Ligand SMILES: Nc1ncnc2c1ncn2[C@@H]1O[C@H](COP(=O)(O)OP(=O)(O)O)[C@@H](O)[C@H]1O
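The data below hold one chain only, encoded as structure tokens and taken in the form predicted on its own.
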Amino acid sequence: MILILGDNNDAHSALVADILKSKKEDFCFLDTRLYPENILIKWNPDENNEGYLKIKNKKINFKDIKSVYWRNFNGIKFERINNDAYLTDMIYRERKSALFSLFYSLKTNWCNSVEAFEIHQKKAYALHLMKENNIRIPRTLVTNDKNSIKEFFEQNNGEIIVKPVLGGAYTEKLTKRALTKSRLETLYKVPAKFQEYIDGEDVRVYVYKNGIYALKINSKTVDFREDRNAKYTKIKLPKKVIKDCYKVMEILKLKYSGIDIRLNKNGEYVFIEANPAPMFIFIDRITKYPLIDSLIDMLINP
């Protein structure tokens, strides 16, 4: 049994499901929005982690779960109980604690694990771990102090970018004009991540247990995701960069990843982040890299 954490409305989850079906592999979607009404848990932590999930009445014993593909965590149902804020919060916390305790304890082939995703959700911490292990990252500031932004702006000769601390929005290059008083005044409510602007090209590296696949992205926008005319070119990485990619995988507890790097004008590779659930359909199609096949192989042959 292979669990797909996500749902059939996501293109990547649906594609993985279709391929598993074609290979006659038993699989099931685990959409956490169905929990608790349509997902039941029975678990004995003191008895060799024995237990099962019932997903829409389909019983799945823990011992039969070969792999988990973590594509999307769709959250846990939050409902107001009789307008009682304390009871509402308590029930939500209990649901989350039970589910995540199981995620941490389920000994199977996670692609990727809950630990990897929780590190990714703390992106500044992930950068800290990389820096601690001598991986070149951008100079970075996480702050809600407007005065520190002005200092950081000057320290980097007015060449900085801004992005959310957690993610979920495009990267923006900041100009002095963009540092308006009203924008700075609201910063204390919503901290942001500021980084030196790395002038150069984007590099995306897909790392699997059986291979590493790199491409250079030539884009006219600060964030290549906004450029529909970006050019993608397959490249070979220097041995030092390949070694650093595998080091990043180890320290961020990843089994596979899409690692984002900037190649600056001096030929230096600067690591930005490592995504634990990278999109791959488009890149697989245009580069002919075996990205989909590599993931499927990891799930079927752990």
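Since the structure is predicted, the reported quantities are computational estimates derived from the model, not experimental observations. Numbering starts at 1 and follows the sequence shown.
A second form of this protein, the form predicted in complex with the ligand, is not displayed here; the remarks below concern that form.
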- Check each of 118, 227, 145, 196 and return the one that places a heavy atom within 4.5 angstroms of the ligand in the predicted complex. 196
- From the list 179, 98, 129, 161, which entry has a heavy atom within 4.5 Å of the ligand in the predicted complex? 161
- Note on the structure: Of the candidate stretches 104 to 112, 197 to 205, 81 to 89, 68 to 76, the one with residues having heavy atoms within 4.5 Å of the ligand in the predicted complex is 197 to 205
- Classify residue 50 as contacting or not contacting the ligand in the predicted complex by the rule of any non-hydrogen atom within 4.5 angstroms, answering yes or no. no
- Item | Distance check, residue 273 to the ligand in the predicted complex, heavy atom within 4.5 Å | yes
- Wondering, does residue 169 line up within 4.5 Å of the ligand in the predicted complex on heavy atoms? yes
- Find out whether any non-hydrogen atom of residue 260 is located within 4.5 angstroms of the ligand in the predicted complex, and reply yes or no. yes
- Item | the ligand in the predicted complex reached by all of 123, 138 and 223, non-hydrogen atom within 4.5 Å | yes
